[in-house]
Each structure stands twice: as structure tokens, then as C-alpha cells.
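In C-alpha cells, the next block holds one chain alone, the form predicted alone.
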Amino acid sequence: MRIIGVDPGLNRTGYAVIEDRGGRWVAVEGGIARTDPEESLELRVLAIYRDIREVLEELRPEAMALEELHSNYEFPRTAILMGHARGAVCLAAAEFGITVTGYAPSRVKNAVTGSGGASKEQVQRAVVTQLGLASPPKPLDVTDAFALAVCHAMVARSPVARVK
């Protein structure tokens, strides 16, 4: 089974694919879909869609873990922009018949580190350990995408998760 984790953002959307190999999750690929901040909104959304679609077509994941929409109320524009990126990612997933599961950042942090308030560095170390990576994924958008995929893998294996 392959799972793609996606950390959506209008400037940079991180993605990471993991695969179950004999009961052990390993990293397949991670990267960034970048957009040009000088481009119009519709062209940036199209670029994210095309990049993620290309990854889905090439790597053929069976499930997608996507960061849920969140924002500090002082910065509602962040949530709006992230929503555009999420829409492009969801459209690409739907085109391939991939089920999308959303996860709050605190749930992802809790799953991979044991603490919903873990720092970015703690999440990075946990991802390195759990996937047996030689070095931390960079930039942090890719680390977050790997963490999302690992979280989904943990939830999918949980007997409680299957009952729901």
C-alpha cells in the first residue's frame, strides 16, 4: 500500500509518499510543488493541481492524508489561501479515485511524536526515525507531508480506526 501525505500551501505544497514493505513503512519520494507569487491566483492553483496530478499519476498512491484547514484568527487570509491549495489537491485526488482523509496538525504531531504540541524539529526527528531516513527531509513542508502520511498509516492500522 502507498500513502501520499500533502501539506498544502499556495506558495509551496509539500508532498511525500510512503509504502508498506513487509510491515515496515519506507519513504518512496518527497518534494515540493512551487508556485510563482507573481502569477495570478488561478494560474497558481492550476500549477498545484498539475504538479500533484503528476505525482499521483507516477507514484499511484491508494490513499491521501491532507492537512486540515486551520488558521490563526488574526490571519484569516492564510486559511483562505490554504483552502485554494487544498481544493487543487482534492481535485487531483478525486480524478484518480483516491480517498482523502484530513488531519489536524495537532493530531499528526501526536501520532508521530506522542505530543500534540511537538515542535517542528521533534516532528522531523520522529519522521527520520520512523522511516529510517539517513537525513531529515527538507524543507519542512516535505517533513510535514511525511508526518501526515505516517499518521495516516498509523490510523489505518489501528483496530479502532477500522471500526469507525
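Throughout, we count residues from 1 along the sequence that is shown. Please read these numbers as outputs of a predicted model, since none were measured by experiment.
The protein also exists as the form predicted in complex with another copy of the chain; that form is not presented, and the subsequent description refers to it.
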query: Heavy atom within 4.5 Å of another copy of the chain in the predicted complex - the one residue of 104, 59, 98, 133 that qualifies; finding: 98
query: Location of another copy of the chain contact in the predicted complex, chosen stretch of 42-50, 116-124, 134-142, 24-32 [non-hydrogen atom, 4.5 Å]; finding: 42-50
query: Close approach of residue 69 to another copy of the chain in the predicted complex, 4.5 Å, heavy atom; finding: yes
